[in-house]
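A lone chain, given as structure tokens: the form predicted alone.
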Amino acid sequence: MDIKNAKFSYDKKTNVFEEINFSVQKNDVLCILGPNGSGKTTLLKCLTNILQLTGGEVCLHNKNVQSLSRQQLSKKVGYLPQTHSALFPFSVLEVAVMGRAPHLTMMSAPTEADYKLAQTNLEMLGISHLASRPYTKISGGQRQLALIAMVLTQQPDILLLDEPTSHLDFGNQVRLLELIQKLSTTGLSVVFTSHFPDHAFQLSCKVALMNNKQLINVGDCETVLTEQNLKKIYGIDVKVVHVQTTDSKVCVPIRNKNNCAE
């Protein structure tokens, strides 16, 4: 996927983002970081053509995504939004198998192989015991995992995840990051947004820093996630610390004690 000089505006006057350029190759994992309101969610929606760019282009296999039908695009790109309304009490397995929709005709139904694939993805995410439970009767974190199973059942080439860990407990956050890393080794490309720079360090992945309508830096996490860059986008002092026991880095905010209540 290639993004070239992309820009978007809701009112045709003020751009949410502009001059966005980057590429996602096979096996890539790209973490997009930025403060609230920087346009991360809007950018992901443009990548999957839910919103159409007001300038520039998004190309998939050298074709502009705006020239592809929804079914054609859904076979190649899976998208998981931040929030999802649970309106009907489908079972968790039924929700997962909905990912096969782009591969079915209007009059066809999911096959036994489709259900087996969905069940396999539930098992991979550790929620196969919820398969028969109503989606409306499980926790928010469990719903998030069920939706991830649905997108994986779609079998896309590129996975777009908008803050996929936001509803997950600490353990499931770690497991999901490990899953993302595992999926990237199978040929899948993953682009996800996050508010946690540590996630990029855990994955040793590529990072794009988004602020003031633009990507201010794109590259590997070791180069991009510096104390100076993190302060630039979040407006706080941060210390990047190397943890010897795990040979990894974490970001630690530096509190200004003068601003704390006595």
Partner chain sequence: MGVDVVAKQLEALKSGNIAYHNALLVLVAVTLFLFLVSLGLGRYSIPLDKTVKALLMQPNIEQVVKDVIFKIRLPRIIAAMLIGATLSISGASFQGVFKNPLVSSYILGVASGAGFGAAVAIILGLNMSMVQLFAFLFGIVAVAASFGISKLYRSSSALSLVLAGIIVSSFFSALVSLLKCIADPRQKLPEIVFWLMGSLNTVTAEDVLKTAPVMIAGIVGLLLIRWRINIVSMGEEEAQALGVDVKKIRGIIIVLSTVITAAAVGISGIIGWIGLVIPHVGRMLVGPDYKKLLPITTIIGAIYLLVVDDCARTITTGEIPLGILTALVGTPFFAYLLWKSKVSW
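Residue numbers count along the first chain shown, from 1. Keep in mind that this is a model prediction, so the values were computed, not measured.
Just so it is clear, the following notes concern the form predicted together with its partner chain, a form of the same protein that is not shown.
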| query | finding |
| --- | --- |
| Exercise: P164 in contact with its partner chain in the predicted complex, heavy atom 4.5 Å | no |
| Proximity of R175 to its partner chain in the predicted complex, heavy atoms at 4.5 Å | no |
| I138 within 4.5 Å of its partner chain in the predicted complex, heavy atoms | no |
| Non-hydrogen atom contact K45 with its partner chain in the predicted complex at 4.5 angstroms | yes |
| Contact residue in the predicted complex, from L179, L168, I158, A131 (heavy atom within 4.5 Å of its partner chain) | A131 |
| 4.5 Å heavy atom contact with its partner chain in the predicted complex for all of F88, V97 and Q119 | yes |
| Partner contacts in the predicted complex for 45-77 (non-hydrogen atom within 4.5 angstroms of its partner chain) | K45, I50, R70, Q71, S74, V77 |
